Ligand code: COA
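Shown next as structure tokens: one chain only, the form predicted alone.
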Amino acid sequence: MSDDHILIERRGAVQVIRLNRPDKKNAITRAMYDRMAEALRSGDEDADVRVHVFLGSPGAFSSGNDLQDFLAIAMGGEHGSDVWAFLNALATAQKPVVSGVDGLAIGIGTTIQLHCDLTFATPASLFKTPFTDLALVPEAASSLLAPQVMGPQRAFALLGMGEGFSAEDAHAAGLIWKIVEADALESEVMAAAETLAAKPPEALRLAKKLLKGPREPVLDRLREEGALFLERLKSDEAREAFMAFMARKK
């Protein structure tokens, strides 16, 4: 995997983490998780970085996890700590995280937003988590955070039924902050990030900490989901679902 699949850019006090695998609709590989985790950790440790920003490509924030990685684990391959490292870094980020979504936000592309402090999305965005369709379970502590954000029935529609949420649905549910036109997405995201970066950093850090609340329940749920997710990945049910999905793609 080339480092070009995750582009890290510094714009003043804002660190931009851009998913850049447009030919695969920004499907996230294990190496991409590693690079994003390191960017979040190093950015949190760098006093010159005050805000993290996530961006994707036109038409795709992310189509979710790379299913080739999933299939490899399902067929008996090794699993690493890359996904856990990223989710842990995201859940415990001390500095504000702002996201810009255009088009597809599938699986982890949706659940990342539950950890962001502000998400902007275009009218063409689609938020969808087909976990149960692939014989899997929710991840990224979404089974804890989504009911808190949008209520139990909307959360079940998203995470259990796999219902797709339009930008309007996501806004009404509290999953995103604002809907903006595609040609204004990046400028709106960067304007918000720069506004945050100009604020007294310690006050902002403490405000975020208070708003997010204790991290222990989130990390506990991450671990619980992760264990079940891995168990499901190795199940016959998941293996059959992956093979059927890959066959449909061909």
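Just so we're clear, the structure is a prediction, and the values are computed from it rather than from any experiment. Sequential numbering from 1, following the sequence displayed.
There is also a form predicted in complex with the ligand; it is not shown, and the following applies to it.
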- Is the ligand in the predicted complex near all of V97, A140 and L219, within 4.5 Å of a heavy atom of each? no
- Of the residues A27, A39, A197, L185, which one places a heavy atom within 4.5 Å of the ligand in the predicted complex? A27
- in the predicted complex, the residue from L134, C116, L145, L87 with a non-hydrogen atom within 4.5 Å of the ligand is L134
- 4.5 angstroms heavy atom contact with the ligand in the predicted complex for D34: no
- Residue contact check: G160 to the ligand in the predicted complex, 4.5 Å heavy atom: no
- Flag P130 as yes or no: does it have a non-hydrogen atom within 4.5 angstroms of any non-hydrogen atom of the ligand in the predicted complex? yes
- Query: Taking heavy atoms and a 4.5 Å cut-off, does D44 contact the ligand in the predicted complex?
  - Reply: no
- Message: Within 4.5 angstroms, counting heavy atoms, which one of the listed stretches 101-109, 161-169, 116-124, 147-155 is next to the ligand in the predicted complex?
- Response: 101-109
